[in-house]
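This document starts with one chain, in the form predicted alone, laid out as structure tokens.
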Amino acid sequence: MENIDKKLREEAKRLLEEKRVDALVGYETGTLPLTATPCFITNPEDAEKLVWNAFCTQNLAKYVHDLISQHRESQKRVKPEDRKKKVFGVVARGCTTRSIVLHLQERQYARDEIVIVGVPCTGYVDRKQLSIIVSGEDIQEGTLEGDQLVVKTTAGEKRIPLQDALSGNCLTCKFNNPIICDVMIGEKAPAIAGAAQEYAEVEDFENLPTEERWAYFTKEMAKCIRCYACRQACPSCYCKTCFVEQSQPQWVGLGEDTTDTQVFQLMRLFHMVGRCVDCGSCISVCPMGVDLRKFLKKLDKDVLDLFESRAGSSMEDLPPLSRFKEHDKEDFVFNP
């Protein structure tokens, strides 16, 4: 991993020095043990901050979209002859590049506005899972030694297999290497062993009676406090005005009514049809531990079954709800 860090920093420094990018979005070591946080590099010397490890959680495609959108908005106030184009670099693993592909397909920005620095991924640590493993104790120090986490808490030191602390979406990921990139750092990562069981949990859920599935949905949504952290972290949520903030018409009330919360989550879930890349950003930021992934993964499976499509899997595989195929199966239309 140190070798990847070195190559990543060298490449980032080169891109900035050669003016190929105006800024680069990556990760730096966090202020808490066993964490990394997004960072924005504009100075070549600051490239030394960059890291790539199992603690890099956030899908950086969200930041790329926001940066490009904000720059475009700022240029509207500038005379046409004085407007400047900016190019942003991004450190991107498989799910990040899937989101970028989706952005490009949905014409959010042009390919020449980004430089993708691809990195191999074997999964990132789920802080909630790690907290469960250490029984909620405060983590004072921690290091990654090979395939083990060495964690020091008030209860003492503990060695944890890295595999036990990885996020659930990483354990079944089929796209852990970049889909597209301008430069690849290091060798591609090996395929994830659990990828063959990607939909096992969804299939178990599908086999439950309708009443039990609805009961599970209502139980999970009852946890939601509508802080909108899932929406803010999601790289596929980029509407300038979200439907929950519209007043004409008003789709969702502002109070704490249970049905309003359910409507928000249901509508957001369906906005993700053919657009969720299973990066886990929404569940990683949810303070209440709502199991959003089960429902998103169900929609992902349905899109694959009905349209033979995977979000962001290639530039040619367009989102199913924005294209027409003469030979779509269409069984679901006649036999719902």
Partner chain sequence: MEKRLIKKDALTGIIGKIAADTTVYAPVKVEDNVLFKVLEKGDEPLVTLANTKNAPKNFFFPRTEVMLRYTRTTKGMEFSGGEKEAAEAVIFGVRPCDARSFVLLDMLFDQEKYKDPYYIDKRQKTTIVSLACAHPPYATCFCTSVDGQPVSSAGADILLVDLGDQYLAEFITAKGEKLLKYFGDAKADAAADQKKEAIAAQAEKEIKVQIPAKAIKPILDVNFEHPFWDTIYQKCLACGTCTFLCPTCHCFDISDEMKDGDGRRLRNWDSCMFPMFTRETSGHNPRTSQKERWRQRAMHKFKYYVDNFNAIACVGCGRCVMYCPVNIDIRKIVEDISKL
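Residue numbers count along the first chain shown, from 1. Note that the coordinates shown come from a computational prediction; the quantities given were computed from them, not determined experimentally.
The same protein has a further form, the form predicted together with the partner chain, not shown here; the description that follows concerns it.
*Identify, from the list Asp82, Asp112, Glu145, Glu256, the residue with a heavy atom within 4.5 Å of the partner chain in the predicted complex.*
So the residue touching the partner chain in the predicted complex, by this definition, is Glu256.
*in the predicted complex, the residue from Glu203, Asp164, Glu106, Asp138 that sits within 4.5 Å of the partner chain by heavy atoms*: In short, Asp138.
*May I ask you to check whether Glu157 falls inside a 4.5 Å heavy atom distance of the partner chain in the predicted complex?*
Answer no; every heavy atom of Glu157 is more than 4.5 Å from the partner chain in the predicted complex.
*Contact of Pro44 with the partner chain in the predicted complex (heavy atom, 4.5 Å)*: Taking the distances in the predicted complex, the answer for Pro44 is no, it never comes within 4.5 Å of the partner chain.
_Non-hydrogen atom contact Glu198 with the partner chain in the predicted complex at 4.5 angstroms_ = No, Glu198 sits far enough from the partner chain in the predicted complex that none of its heavy atoms falls within 4.5 Å.
*Could you tell me if His65 has a non-hydrogen atom within 4.5 Å of the partner chain in the predicted complex?*
Close contact is absent here: in the predicted complex, His65 is far from the partner chain, nothing within 4.5 Å, heavy atoms only.
_Segment assignment from 165-173, 184-192, 116-124, 212-220: heavy atom within 4.5 Å of the partner chain in the predicted complex_ = Stretch 212-220 is the one.
*Along 167-181, which positions have a non-hydrogen atom within 4.5 Å of the partner chain in the predicted complex?*
Contacts from 167-181: none.
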